[in-house]
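What follows is one chain in structure tokens, specifically the form predicted on its own.
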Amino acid sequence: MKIAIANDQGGFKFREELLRFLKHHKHQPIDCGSVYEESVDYPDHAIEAIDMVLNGNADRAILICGTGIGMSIIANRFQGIRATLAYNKKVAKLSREHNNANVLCLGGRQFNSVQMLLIVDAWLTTEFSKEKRHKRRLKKIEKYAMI
């Protein structure tokens, strides 16, 4: 699976570890993140990764900032993007099963690397349930998307 990765300074410390983790699990990471620990504007990096998903150049994206909140706000501005802010494995799994989330947002200052990788693994290995009620709800969400 091709996965676009974006981060700001708040997600910098996990960037390299996440890239290694994805390669180890036979994914193809596409690095759109900041390579510096200095402050950057997270929307610039997030939009690059989001564009990869929207244009079909990536299957999913993982966005990391300090809390994950800013990344989730910018990601959910785009029609066709269903971003989740996951703070544990259960939320990550449910976001895939019920909402077919194609973008995972994480708070780089909220987790240690073990916790983060457990969340990422749960999100990557969970499939959309495709139950009628979930499909119906996703159609309604897309109907009201603004961009």
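Counting begins at 1, following the sequence as shown. Quick caveat, the model's predicted, so the values are computed rather than measured.
There is another form of this protein, the form predicted in complex with ligand RB5, and it is not shown here; the text below is about that form.
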query: Close approach of R109 to ligand RB5 in the predicted bound form, 4.5 Å, heavy atom; finding: yes
query: In the predicted bound form, P29 touching ligand RB5 (heavy atom, 4.5 Å); finding: no
query: 4.5 angstroms heavy atom contact with ligand RB5 in the predicted bound form for I69; finding: yes
query: Non-hydrogen atom contact I62 with ligand RB5 in the predicted bound form at 4.5 angstroms; finding: no
query: Stretch in contact in the predicted bound form with ligand RB5, which is absent here, among 135 to 143, 7 to 15, 121 to 129, 20 to 28 (heavy atoms within 4.5 Å); finding: 7 to 15
query: Within 18 to 57, the residues that have a heavy atom no more than 4.5 Å from ligand RB5 in the predicted bound form; finding: Y42
